[in-house]
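Just the one chain here, laid out as structure tokens, in the form predicted alone.
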């Protein structure tokens, strides 16, 4: 990569910045609020994660349960995705039922370390099946949201942390261990924990946790904007990992699409479906990739991202000043050349002055700033 420093903001560079702004639907006049809007979470990406988790289960005795090889392979799968995206990841070990368990924690660089917004999901299944709705669905949505943060080069005011919990099916063991290991001072830094457990049920309802009013309202407003009515979540109240955080005074919230409880006739009228269990395959061998409602998974995955963006705040772009230019391409004013050059050649983070370039994986660069213009590359 050939980058030189210029103290002027050339007309050609301005045109290139505006051209790239046009590629992303933004412009130099876009407000910080608009720039902080959450991206759409691609359903295909979330479903691919579920397919991969199904393959892991198939290769490891049909499940991804605590203490089984399928669970460790699931942790390794998620960790590899996050490491490649630029996260700082930590595997936390604990013991339950004489078997080693694992939590995976991923921190996105930046943000106020004294204000931490966390989202998580349990990654283990029961021993009787692959656990694709319970809880591959929540795990995959949180993973794809974390990857969307990286693709966007998002730099919120708060520090972002994501967690995947082990041994939830044995009594919230992994999340309880994580919270118990946090010193009181660290617990105080958690401004909120968002939990996602079963968000793609095949006969779905749309349930919102009512534990914290701010988080609850964030989710309710999102679904109201879609014209989708919600109800307060009661079936899983206290039965998922949010309870581990709530019990020590951390604000919590989350989403749920229903488990073994039967959908009422009033709920059928509200959401469609049938007056049967929200998830007839709950804790069963048929909880496979065929046990997912795509519409529910898509809506809830987008809601995960919406809440992360809405509750974490945003930092404004750097002010105008020193301009870092790619002399071969910016000075030529070709947005396409800029995209091509950075996509092929960038392999590390460069941050200085008014320019920030972050390579998210081997073949893509996501965001940068030229003199206050936000540029997004594919």
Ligand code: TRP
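As the structure is a computational prediction, the values presented were derived from the model and not from experiment. Numbering follows the first chain given and starts at 1.
The same protein also has a form predicted together with the ligand, omitted here; what follows describes it.
Screening 211, 233, 302, 144 for any heavy atom within 4.5 Å of the ligand in the model of the complex leaves a single hit, 233. A single residue from the set 278, 164, 193, 256 has any heavy atom within 4.5 angstroms of the ligand in the model of the complex; that residue is 256. Within this chain, residue 270 is remote from the site of the ligand in the model of the complex, having no heavy atom within 4.5 Å. Taking non-hydrogen atoms only, residue 72 never approaches the ligand to within 4.5 angstroms in the model of the complex.
Residue contact with the ligand in the model of the complex: residue 187 places no heavy atom within 4.5 Å of it. Among residues of the shown chain, residue 287 is not one whose heavy atoms approach the ligand to within 4.5 Å in the model of the complex.
Just one listed stretch, out of 236-244, 96-104, 111-119, 288-296, contacts the ligand in the model of the complex at the 4.5 Å heavy atom level, and that stretch is 236-244. Counting a residue when any of its non-hydrogen atoms is within 4.5 Å of the ligand in the model of the complex, the one hit in 128-157 is 134.
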